[in-house]
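Okay, so here's just one chain, in structure tokens, the form predicted alone.
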Amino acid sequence: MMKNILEVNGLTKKYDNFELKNVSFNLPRGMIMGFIGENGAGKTTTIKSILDIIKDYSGKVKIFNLDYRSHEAEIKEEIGVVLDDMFFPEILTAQDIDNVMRGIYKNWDSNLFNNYLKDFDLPRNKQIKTLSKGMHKKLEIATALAHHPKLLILDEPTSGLDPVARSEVIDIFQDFIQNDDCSILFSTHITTDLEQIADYITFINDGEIVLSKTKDELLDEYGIVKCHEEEFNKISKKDYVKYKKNKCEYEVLVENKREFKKKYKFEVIDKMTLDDLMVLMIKGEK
């Protein structure tokens, strides 16, 4: 049985002022991977390279154990995509999209699409240009799901949604993943969404993968030590990942809080959030 639904190996892409540098990670079958990083870190470039929207890259992408470039038509039948800059022609309606997609996807399910329209309270016959940003995003999600894909590739799928709508969408993604054959690559700035549903976290910074681990490993084993300068100076560099000096204290990111606590006798080591991880990895020093 296929272990990984998506394999990215050595993805490299050079621009004048930016470069993807040997990006590699695997998304196992039946899992949700959160893809995080600050603006300009390379998330969208990576996703568009995976989908061959950006074409002149080096490296290999396999989806369903097939080379994407050699089997694009076959693979597209099995993936659903929501991009941050995705758009439908504004004069179309949801009914128009239903008609168009029925001719594109062999497995397009009009009944399922209509169910999503009802769930999201989306009109069938209003032009897209009359919809709010949040409604537009929900229409993209409904379209991505309605042909029964096995892999969802999502770039900021919950941006522009209010908390209630975001919760509805997250529930749909969780239902989707109940099928062990299905997986999601989920790029977002809203890391609290990932803390709810992600199985893996892959963090990209300045075009390089900084880490790719299970979410439980990150949130259970990593921690943040807050200490004064005198205490910080006693900590060996090999025992922390990054640190940030604030006005009154140091924040120190450690990879194994239990071992660190044993060695340095700190009474309190704070739990880490994904936001904490991003801030310290990006802004912190070594």
Partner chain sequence: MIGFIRKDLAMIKSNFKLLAILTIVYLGMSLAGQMDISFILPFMCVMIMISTFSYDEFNNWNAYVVTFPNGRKNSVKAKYIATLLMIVIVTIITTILSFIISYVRTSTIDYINILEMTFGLIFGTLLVQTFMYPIIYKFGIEKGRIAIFIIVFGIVISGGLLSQFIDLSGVLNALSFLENYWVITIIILSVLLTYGSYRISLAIEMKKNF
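Just so we're clear, the structure is a prediction, and the values are computed from it rather than from any experiment. Residue numbers count along the first chain shown, from 1.
Beyond the structure shown, there is the form predicted together with its partner chain, which is absent from this document and is the topic of what follows.
**Q** Residue-level question: is residue 119 within 4.5 Å of its partner chain in the predicted bound form, judged on heavy atoms?
**A** Although its partner chain is absent here, residue 119 would stay clear of it in the predicted bound form, with no heavy atoms inside 4.5 Å.
**Q** Looking at the partner-bound form in the predicted bound form, is residue 66 within 4.5 Å of its partner chain by any heavy atom?
**A** Residue 66 lies outside the contact set for its partner chain.
**Q** If we define contact as a non-hydrogen atom of the residue within 4.5 angstroms of the partner, is residue 85 a contact of its partner chain in the predicted bound form?
**A** Looking in the predicted bound form, residue contacts with its partner chain include residue 85, since a heavy atom lies within 4.5 Å.
**Q** Indicate whether residue 214 is a 4.5 Å heavy atom neighbour of its partner chain in the predicted bound form.
**A** Close contact is absent here: in the predicted bound form, residue 214 is far from its partner chain, nothing within 4.5 Å, heavy atoms only.
**Q** Pick from 202-210, 188-196, 74-82, 154-162: which stretch has a heavy atom within 4.5 Å of its partner chain in the predicted bound form?
**A** Only one stretch passes the 4.5 Å heavy-atom test: 74-82.
**Q** Name the single residue among 62, 29, 48, 242 that comes within 4.5 Å of its partner chain in the predicted bound form, judging by heavy atoms.
**A** The residue from 62, 29, 48, 242 that makes the contact is 48.
**Q** Just to confirm, with a 4.5 Å cut-off on non-hydrogen atoms, which of 127, 174, 179, 115 contacts its partner chain in the predicted bound form?
**A** Exactly one residue meets the criterion: 127.
**Q** Even though the chain is shown alone, can you say which residues of 89-110 have a heavy atom within 4.5 Å of its partner chain in the predicted bound form?
**A** Residues within 4.5 Å: 89, 90, 91, 92, 96, 99, 100, 101, 102, 103, 104, 105.
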